[in-house]
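The chain that follows stands alone, in the form predicted on its own, written as structure tokens.
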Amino acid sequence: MDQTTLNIIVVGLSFALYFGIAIWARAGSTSEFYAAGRGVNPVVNGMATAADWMSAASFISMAGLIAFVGYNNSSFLMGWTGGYVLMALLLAPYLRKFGKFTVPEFIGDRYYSTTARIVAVVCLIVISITYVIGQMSGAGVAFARFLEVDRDLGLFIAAGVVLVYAVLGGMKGITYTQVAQYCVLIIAYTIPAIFISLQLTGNPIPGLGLFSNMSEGTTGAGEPLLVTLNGLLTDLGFNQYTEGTSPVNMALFTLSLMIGTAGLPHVIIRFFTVPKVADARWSAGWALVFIALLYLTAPAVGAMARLNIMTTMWPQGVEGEAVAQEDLPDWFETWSVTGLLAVEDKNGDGRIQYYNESSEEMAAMAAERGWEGNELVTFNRDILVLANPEIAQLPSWVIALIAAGGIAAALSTAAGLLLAISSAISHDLIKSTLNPNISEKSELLAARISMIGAIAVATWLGLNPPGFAAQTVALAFGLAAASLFPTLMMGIFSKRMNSAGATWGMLAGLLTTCLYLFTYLGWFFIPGTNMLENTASNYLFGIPPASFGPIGALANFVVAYLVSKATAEPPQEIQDLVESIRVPRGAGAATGH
């Protein structure tokens, strides 16, 4: 059986499972659509939260970014994991105690203000649309590979699949679908990693293999894997894999991911689906366990994949000859169809030289040996995890499995984001503000139409994303860090914070961060509309757009504090309410619907 047929069978079976669950768990009421009827078991919710959390950015893109940048991009692991702990400890139980359906609903009631609620809806939509661009981009890559079509067509197909099961099932359907998707994605991620770790180091646990010695018969046999990788990279003019730069930017980026994680509305609403406050804490604990299985594997996947690429391009090392064009492995041809991988024999010697052409140290060697620049001209980092089994020449069923896992990861998070957007529009904007007398049936219809609109916008923007999947997602974290996180924190831990302070704080954080992002990445991420070139020399104090979240959060906190001090205190009943939600007992059913 050929690889394409096997891919279609495995991915098709996984889709049949997802659609079957979506139909079985079809939402029949707004309570089931928004919060799965608040009857989800903590273990099940933890698994669904893990799937919701581990998006295309985690599954497809993160290891690719770590592979090509090394130590610096370990920020993704530290920021996302640390942020999840922050959310579990500081936000989730208290928000569940409040007993509402959505984040804007909490903000509107806590700050006794319709204006604050509408501003929160705007923040949520901006964050979620930015996030879902990254998911659709990743899903497009996965579909392009397994159907062997170009990336844009893969993106349109992904949009159609998300549309069917997210619109149909709501939170109830999405919850149980995400449980199935977690099982698929974690198996798909870890099995190839175990195979590759065994091949390179003989250790079946990838996280330990990363620090083990290379096996006999491999490049660098007997020496630590990371030492071998560092040696290969420096021989070709690249930085060492374990070398870091700019600790300030690294700290800012990690902080942006951490507090952005804690303010992500599509993850927060998962904690509204369990019956009790204690269940919210247990859900967070279980989710962390399930997330750790993938996150402890990702650094090994990135390092081992980079090592395999280096030895593929230079089978005899840099002192020998580069790989001949006709000897390139089959996966080069397969991925070239998608437009995400390309080589160009610039000097016409029939070989593909891959090296750092901007390195001064390599210039003399390149001139001496007749090289005319890097000939691996395109290698989209989002393809690395999906291509990993082919790079390591693993069995066909493993390749099919990882295609199914990549698609599961992208679709699970995209569905969660679309639900957050639709809830904000139908429940917080229409039901609570514009038309309080709307029927439940009309509200559900409005939610589903909102989802369709959000998918259309995200698909269009996903055709030209402002970065790789994980980089685009990182921008969404910066926006969440600057807008919702400070407002949620002050809503829980400051009795003095009033509606004016919260509203102006959110606007300050959101607008400051958006303006900074759009300056370098284009207005609303539309290519060609940026005011300054996206290069380090143009950055304010050297801070790149993805690291700007903490600065936006600081603007939010300062403006909120100053405005709050200059205006009246919140009513006494609101101050009493803030006191009561800090006590982790007594949460009942939803009170806002």
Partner chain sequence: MAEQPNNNAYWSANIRLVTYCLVIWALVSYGFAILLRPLLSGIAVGGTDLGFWFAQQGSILVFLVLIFFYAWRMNKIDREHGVDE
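Treat the numbers as computed from the prediction; the structure is a model and nothing was measured. Numbering follows the first chain given and starts at 1.
Below, we turn to the form predicted together with the partner chain, even though it does not appear here.
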| item | value |
| --- | --- |
| Option touching the partner chain, based on a heavy atom within 4.5 Å in the predicted bound form, out of A278, I438, V149, A456 | A278 |
| Listed residue that, although the partner chain is not shown, lies within 4.5 Å of it in the predicted bound form (heavy atoms), from L163, I425, L86, L394 | L86 |
| Which of 310-318, 280-288, 402-410, 337-345 lines the interface with the partner chain in the predicted bound form (heavy atom within 4.5 Å) | 280-288 |
| Close approach of Y112 to the partner chain in the predicted bound form, 4.5 Å, heavy atom | no |
| Partner contact for A364 in the predicted bound form: the partner chain, 4.5 angstroms, heavy atom | no |
| Residue contact check: L90 to the partner chain in the predicted bound form, 4.5 Å heavy atom | yes |
| The partner chain contact at G202 in the predicted bound form, heavy atom, 4.5 Å | no |
| Interface residues of 539-576 toward the partner chain, as seen in the predicted bound form [heavy atoms, 4.5 Å] | D576 |
